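Just one chain follows, in the form predicted on its own, and it is written as C-alpha cells.
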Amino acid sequence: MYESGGLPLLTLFTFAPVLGTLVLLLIPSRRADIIKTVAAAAAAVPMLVGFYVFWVYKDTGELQYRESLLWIDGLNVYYRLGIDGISAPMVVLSGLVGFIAVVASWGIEKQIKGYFALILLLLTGMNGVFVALDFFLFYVFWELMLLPMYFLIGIWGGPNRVYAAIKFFLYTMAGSVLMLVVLLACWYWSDGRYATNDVSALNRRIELRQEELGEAAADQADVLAMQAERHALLKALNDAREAILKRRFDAGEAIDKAGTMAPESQKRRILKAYGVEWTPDIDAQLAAAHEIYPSLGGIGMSEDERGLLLAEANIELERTFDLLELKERYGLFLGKFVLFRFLGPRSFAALMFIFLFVAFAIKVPVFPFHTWLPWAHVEAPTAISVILAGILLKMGVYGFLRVSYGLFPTMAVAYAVPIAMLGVFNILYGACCAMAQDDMKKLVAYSSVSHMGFCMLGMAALTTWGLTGSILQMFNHGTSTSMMFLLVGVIYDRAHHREINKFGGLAKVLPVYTGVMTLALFASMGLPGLSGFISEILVFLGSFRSKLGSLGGISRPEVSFQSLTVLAAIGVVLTAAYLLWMMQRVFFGPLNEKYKDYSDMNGREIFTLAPLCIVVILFGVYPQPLINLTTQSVAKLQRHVLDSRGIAGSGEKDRYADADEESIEQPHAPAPLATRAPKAKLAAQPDAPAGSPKAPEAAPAPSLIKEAQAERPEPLTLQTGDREGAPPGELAAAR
C-alpha cells in the first residue's frame, strides 16, 4: 500500500545508500575517483528526499507517505514505513548530514572501497529507524547500524580505535538486548490474553471480597481499587476490539460505495487500504461490523455490555509488531506480572519502560551511560564523528518519542520528573566536563552530552513548547555540532593534532575558517538569531510551565519543573564559558609561528560547511517552517500521553491553568477510537464483575482515580502575542 502517489518515497530514502554499496562492490578498488562519486550520488538521494519532505510535507498529526507490505506471515511482521511530524525533521536532518559526511570523507586514503561501502550501509540503518512503523523492522534497522559503525571506528579511527570501537559495541549491544526483551514481551501481550486473564482473576477476587464484607463492600477502598483496575483492563480490551470493528465497518462502507459489481481485486485493495486482512469469511465479518458497530457507545452502556456486543462480531486480537496498533492497545500493558517470585507482582508497563529507557539512554547518551561517547568521537574519523553527533545521538530521543511514549504513555507521566532530573544533570555535567578538556574534539563531544540534556528536559515536560523544543533541539544540535566536528577535522588535517593550548592567533592566517567556526560556536551556545537559540528557549518555556512536578507517586512533590528549569539555565552560561574560552585560546592572542603558512579552507571543505551555515542562520532568523513540520504531531502525542493517565492534583484552577484566565471543563472519559455518545459515569463507577451484584454507586478511591487537567493546545506559532494552547484544557479521567 503506497500513499505517496505510487512512488515508494521512503523506501528510496532508506535503501538508496545500500544500493550504492552494491554498486561499489562492482567497482575496482583502484578507481578511487569513481568510488567516491558513486558514494556521494547514493547519499544524495536521501538528501533530495529530505528536501522534498521539507517543502511538500504538511503536518496533520497523521502518518503520511505510508508503505506496507507483508514480510513474515507467521509472526505478523510487516514492512511498514511512514512519517509524521516527529520523524519529518529527522528525515531532513539525516539526509543532509549523511550526504555531507560522505563528501567530507573524500580525504580518506585507506581501504577506500570498504570505507564508503560501510558508511552507506550505516546511513541505511539510521534512515530506516526514522521511518519504520513496525517494531520488528525498527529493531532490524537499529541493529543494522551497529556493525558498520564498529568497523568504521575500529579500522579507520585513531590510536585507541579498537578500545573505542569495542566500548561502543558493548554499550549499544547491551541496550539492544533490553529492547529485544521489550519487543518480544509487547508482541506476546498485544493479543490481550494476559489482560483477559487479569480480568478473570480480578472478578474472582472481587467476588470473594464482596462475600466477605457483605453490604459494606461498596465502601471499601480495596474493592473499589480492584474494580477500577478491572474496568481499565476491560476497557482496553474493548477499545482494541472496537478499533478492528471500526476498520471493518469503514472498509465495508467503502466497498458498498464501489458497488456490488466491483471486481474482487478492487475489494481487496480497499480492504488493504483500511488495514483489513482478506479471509474466506470476510463478507460475514463486514456484515457483522455493519450490524454491530452503530450499536456501540450507547448512553449508559457498561464495559461488560460493550464486550458482549463486540463478542458477537467474532473479533480476535492478533499479536502484532505494528507500532500504531501497539500504541492504540497501550491499555493492555497496564497489568501486572511476576518476573521473579521473590519480587511479587510488578507493573509490566513500568518494567518495559525502564528497559527501553536504558536502551535509548545509551544512544542519547544520558549519564551514566555516556562514557562510550567521548572515546568514540575522539578516535573516529571526522565524518564518522559528524554522523555520530548529527544523526546517531538523535535516534535515542526519537526512540523515546516514537516507542516509549507511544507504547507506555502512563509511565511517561509517572517518570517525568526523574527523566527531567537526568536531563538537567546531563546539561550541567556535560558542560563542566567540556570546560576541563584540552582536546578540541573531546570538548565538542562533551558539549553534545550537555546539549542532548535539553532534549530530555523538554521531552519530559510534556508541554507543547517543551516537546517542540526537544525536537527542534535535535535538529539544530545536529547541524551546529556537525559544523564543529567538520571544522575540528579541517584544522586536524593541517596541524595533525587537536590540542587547544598549542594553537593561538589562527584568526590572522585563517580568516574564513575563523569566521565559520565563530558561527558554529555561537549557534551551539544559543546566540539569538541562530538556530540553537529558538530550540533552547522553547525547552525553557515549556519546562517552566509544566505542572508534572506536583505529582505524587515516584515524582517527589518538592521537585518541580520550575526549579529544574532554573538549574538547566545555568548550563547556558557554562556553555558560553567553555566555547568562548576555547575560541580565545585557538584564534586570538599571539600567532604560533608553526602555523603561519597554513592555507585556509579549500573548495571541498567550504562545500560541506556552506549548507550547514545556511541552515543555522535560516532557522535562527525564521524557525517557523521547521516548527510547522511538527506542530500537529506534537499536540497529538501530548494528548496521547496525558489522556492515558490523568495528571493527579488538587483540581484547583490556579494550580493547573495558565497564567491567563482559562475556563475549566467538566471531566469526561477519553473518547474511544470511534466517535460516539459518551458513556455515563464510566470512569466514576467501575463495572461490577460478571455474575455478582452490582456495587452501589460510590466515589472511587482518591489514590487511584483522580481527575486533572490535560492540555489540548492549538498549533504552536511564534508570533507576537501568541501563547501556547489558546483553548482550555480538557480533564482526562485516570485509568
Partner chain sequence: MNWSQLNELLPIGVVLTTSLVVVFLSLVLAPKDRYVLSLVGVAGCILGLLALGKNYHALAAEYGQPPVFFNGLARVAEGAYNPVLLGGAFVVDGFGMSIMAVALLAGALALLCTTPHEDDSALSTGEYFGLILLAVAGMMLLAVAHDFLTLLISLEVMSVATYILAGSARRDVRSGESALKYLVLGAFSTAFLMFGIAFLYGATGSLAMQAPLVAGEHLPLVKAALALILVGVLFKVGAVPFHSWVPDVYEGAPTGITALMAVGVKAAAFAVVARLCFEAFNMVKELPKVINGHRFIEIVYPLREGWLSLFAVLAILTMALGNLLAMHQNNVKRMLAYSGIAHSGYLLLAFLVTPKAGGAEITQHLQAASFYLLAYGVMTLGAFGVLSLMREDGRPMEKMEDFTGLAKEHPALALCMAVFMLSLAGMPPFAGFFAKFLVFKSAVSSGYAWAAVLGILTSVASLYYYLRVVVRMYMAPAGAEGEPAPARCRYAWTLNLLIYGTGALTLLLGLLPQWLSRLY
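Residue numbers count along the first chain shown, from 1. Only a predicted model underlies this, so the values are computations on that prediction, with no experimental measurement involved.
Quick note: we don't show the form predicted in complex with the partner chain, though the next part is all about it.
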Which one, Phe503, Phe522, Phe136, Phe369, lies within 4.5 Å of the partner chain in the model of the complex by heavy atoms?
Phe136
Under a 4.5 angstroms heavy atom criterion, identify the one residue in Trp106, Tyr595, Phe169, Tyr398 near the partner chain in the model of the complex.
Phe169
Within 4.5 Å of the partner chain in the model of the complex by heavy atoms, the stretch out of 463-471, 398-406, 150-158, 361-369 is 150-158
Please determine whether Arg319 contacts the partner chain in the model of the complex, using a 4.5 Å cut-off between heavy atoms.
yes
Partner contact for Leu183 in the model of the complex: the partner chain, 4.5 angstroms, heavy atom:
yes
Does the 4.5 Å heavy atom contact test between Val177 and the partner chain in the model of the complex come out positive?
yes
Might Trp581 be said to contact the partner chain in the model of the complex, defining contact as any heavy atom within 4.5 Å?
no
Can you tell me which residues in 49-79 come within 4.5 angstroms of the partner chain in the model of the complex, by heavy atoms?
Trp71, Ile72, Asp73, Leu75
